[in-house]
Ligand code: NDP
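The form predicted on its own is given below as one chain in structure tokens.
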């Protein structure tokens, strides 16, 4: 049974970081549900290949944009608006990470992570938000992290950026609600992607995940599609400023090794 409450058909959806991993899965999820999807990223050839692979009822449109570049962000928002007349949903996925001890990070490495994960997200949301304010409607979905629940060792600049994403989400929700613009986020748990496959192939990491995740498995990129569609649809019409944890229960509490 088709339920219009959860429909995203006909929406113009812009996905930053849409060529691979979580961004690709979300782009495909919306495309298969009848949305007009635009994917953005730094490598045009990869974007074009992804757009061909995804297919969908409407052709997926690739557009190059480095979210660390403010001028590129403005150009992207203008190009999508010019081609499609509006942006109904923005999904901010683009992100990078480095695993190092906190005392070894250089200023350049810190800036690299924050410029893409937080500054870029803020500026793209700002550019698209202005267009949504003019129409007095729109939805922004920011991809956070388990670091929104508690920071993980070895990725402190990343944790800082994702905690900042939560602040941006709530702050923009506060200011833009009067214009009909909703801003929410999704905090994924441990998700298996091409970039994390090597990490999670380690038997020690696999055992640790099973011991600390109530659902006792890694997440898959497809596990995030339902939450994103929900947040972009009328089913969440009275929700804004929220961060949904899709994490297999990791943030529900702390598991400890006792028998009950």
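Positions refer to the first chain, counted from 1. Small disclaimer: the values here were computed from a predicted structure and weren't measured.
FYI, the form predicted in complex with this ligand isn't displayed, but the following is about it.
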Full three-residue contact with this ligand in the predicted complex, heavy atom 4.5 Å, for 18, 191 and 195:
yes
Options 81-89, 130-138, 182-190, 102-110; stretch whose heavy atom lies within 4.5 Å of this ligand in the predicted complex
182-190
Selected contact from 173, 166, 96, 160, since only one has a non-hydrogen atom within 4.5 angstroms of this ligand in the predicted complex:
96
Only one of 67, 229, 35, 51 comes within 4.5 Å of this ligand in the predicted complex by heavy atoms, so just point that one out.
67
My question is simply whether residue 22 lines the interface with this ligand in the predicted complex - judged by any non-hydrogen atom within 4.5 Å.
yes
Quick check on residue 143: any heavy atom within 4.5 Å of this ligand in the predicted complex?
yes
Heavy atoms within 4.5 Å of this ligand in the predicted complex: does residue 116 have any?
yes
Considering non-hydrogen atoms and a 4.5 Å limit, does this ligand approach residue 217 in the predicted complex?
no
